[in-house]
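Structure 1 and structure 2 below are two forms of the same protein chain, each written out on its own as structure tokens.
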Structure 1
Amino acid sequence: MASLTFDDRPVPIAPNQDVLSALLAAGVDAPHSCRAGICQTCLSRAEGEIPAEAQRGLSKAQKEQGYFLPCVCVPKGPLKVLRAGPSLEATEVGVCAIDRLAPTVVRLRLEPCAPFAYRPGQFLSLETPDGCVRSYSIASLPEAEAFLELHVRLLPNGRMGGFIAERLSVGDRLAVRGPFGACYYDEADRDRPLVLVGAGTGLAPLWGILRDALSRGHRGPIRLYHGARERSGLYLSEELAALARERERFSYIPCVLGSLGAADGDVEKAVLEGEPQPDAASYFLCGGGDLVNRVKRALFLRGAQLARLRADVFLPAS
């Protein structure tokens, strides 16, 4: 029988109900966003039997400490949810640069006021003073850059995007939590082809992963496919093209939808045509769910191994 306590008080939970919705129904002000086990905004700690799916994407250390994701946790027995532990504390950051990289893409550089260890490609959650929380992938390289770099797409009426574009200034302070996720370079893949696929700001984690792989001495070929709806959306294209000229092993394949050229500018087509031997490579797929899930499935069906198809879907906050 499932039962639930929060802060030592009993909380009613129905059969097949997830912990997050039970907490919210009981009036607990539990932070949350994607409600699909991805963004980790609701990350909490508990004592009791935690189902494996509620710990997916967490580190070994986090699992051992009882961290879990309430939004995808349907307990089978008694579960004692504790108030958030110390590793979830926010890190204060100062805004050191805000730059427009494309008409709808802003690059944000944030300087942490306390050490913030991460791997490029992981993501963090960014919090505004009025409590808006959103996930963003980390594009910077910790060994080379003292700031955390994020690429934020500006959506019509987007809360965080609007806040960054209209109200945020250099010198302001914000809070971040994290890092989260397993979308980062693994040295075990050093000799394999590395295939990076993203659309729009899906380039953010890839820009980090690419430079991380190069600086860690990746020996296989690296191909980066970046898709955009308009040419102006191919941000960082000069930097990427320059890197491709400099590094023989690295190829940059920009794709603008509907443009002439290979694969009509469709990233999915370009990837499937450009990767004739999918089983040999290791992949990172980042950006909107439609593209990421389609490409992931297509590559898997052509022989790519599931364990080497790492993906971060930029789910909207609910």
Structure 2
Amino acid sequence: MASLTFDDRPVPIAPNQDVLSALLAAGVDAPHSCRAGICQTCLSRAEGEIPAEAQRGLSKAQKEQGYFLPCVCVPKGPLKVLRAGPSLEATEVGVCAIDRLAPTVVRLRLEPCAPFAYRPGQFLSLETPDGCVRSYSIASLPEAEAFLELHVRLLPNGRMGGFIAERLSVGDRLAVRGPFGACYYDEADRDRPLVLVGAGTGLAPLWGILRDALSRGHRGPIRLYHGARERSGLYLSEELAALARERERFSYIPCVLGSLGAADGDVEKAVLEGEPQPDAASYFLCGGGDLVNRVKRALFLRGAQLARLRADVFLPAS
């Protein structure tokens, strides 16, 4: 029979109710965002019977330490949720820059007030003073940059985007938790072609992964496909084009549907046409779920190895 405790306190949980919902109903301040087991904002530790689906996508080390995703965890037996360890505690950050990269994209640079170790391409949870929490990929390079760089898409009536665009100022303090995720460069890929595919702010993790790979001496070719609905959405295009001119083995392929790029600007078709040997490369696919899942499936059916298809799906907040 399912039972739930948090910090040694019994928490009521109904049949077929997920752990996150039970914790929130009991007044526990549990970080969360997508509530779909994707963003890992709610990542927690527990002792007891953890269902396999509540650990899907986690590393072997995380599973062994009892980490799980409360938002998709429906316990079948006794489960004791532990207080967050140091890696999940909030880190205070100061806002050091707010820049508009495109009409609907803001670059946010944050200076951590304490050490914050991460790999470019991972993501973190950003928290505002009024309790808004959203997940964003990390675009900065820790060895070269003292700040954390996030690319925030401004959505109509978006709570976080509205806060950043209208109320946030340089010098303000926020909090971050993390890092989370395993979408980052692996030096085992050093001699393989590296194919980076994204749309919109899916460029954020790719910008970090690209520079991380180059700084670590990647020897294979690197191709970055970036799609946007409008030309104005191709932010950082000048920087990427300049990098392509400097680095012989790096190619930048911008795509705007119907007006720019290979395959009439269809980024999915451009990737499939531009990668004739899918089994030879390693891939990073970042952005909206429709695009990422379509490209991942198409590449897999054409021979790409599943273990080399790393994906970071962006989901809207619930």
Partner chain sequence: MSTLYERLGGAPAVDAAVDIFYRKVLADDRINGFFDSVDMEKQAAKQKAFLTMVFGGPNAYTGKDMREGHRRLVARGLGDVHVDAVIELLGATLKELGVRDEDIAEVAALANSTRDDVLDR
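Think of the rigid core as the biggest set of C-alphas that the two forms share within 1.5 Å after superposition. What you are looking at is a predicted structure, and each value in this text was computed from that prediction instead of being measured. When a residue number appears, read it as a position in the sequence of structure 1, where counting begins at 1.
**Message:** Does the form predicted in complex with its partner chain correspond to structure 1 or to structure 2?
**Reply:** Note: form predicted in complex with its partner chain is structure 1; the other is not.
**Item:** Post core alignment: residue 305 C-alpha displaced by 2 Å or more between the two structures
**Value:** Comparing forms between the two structures, the residue 305 CA shifts below 2 Å.
**Prompt:** Rigid core fitted, then: does residue 74 show a CA shift of 2 angstroms or greater between the two structures?
**Reply:** After core superposition, the C-alpha of residue 74 moves 2 Å or more between the two structures.
**Request:** Align both forms on the core first, then report whether residue 19 has a C-alpha shift of 2 Å or more between the two structures.
**Result:** Yes, the C-alpha position differs by at least 2 Å between the two structures.
**Message:** If the core is used for the superposition, what shift in Å does the C-alpha of residue 28 show between the two structures?
**Reply:** The shift comes out to 4.3 Å.
**Asked** Cα shift of residue 8 between the two structures after core superposition, in Å?
**Response** Residue shift at the C-alpha: 2.8 Å.
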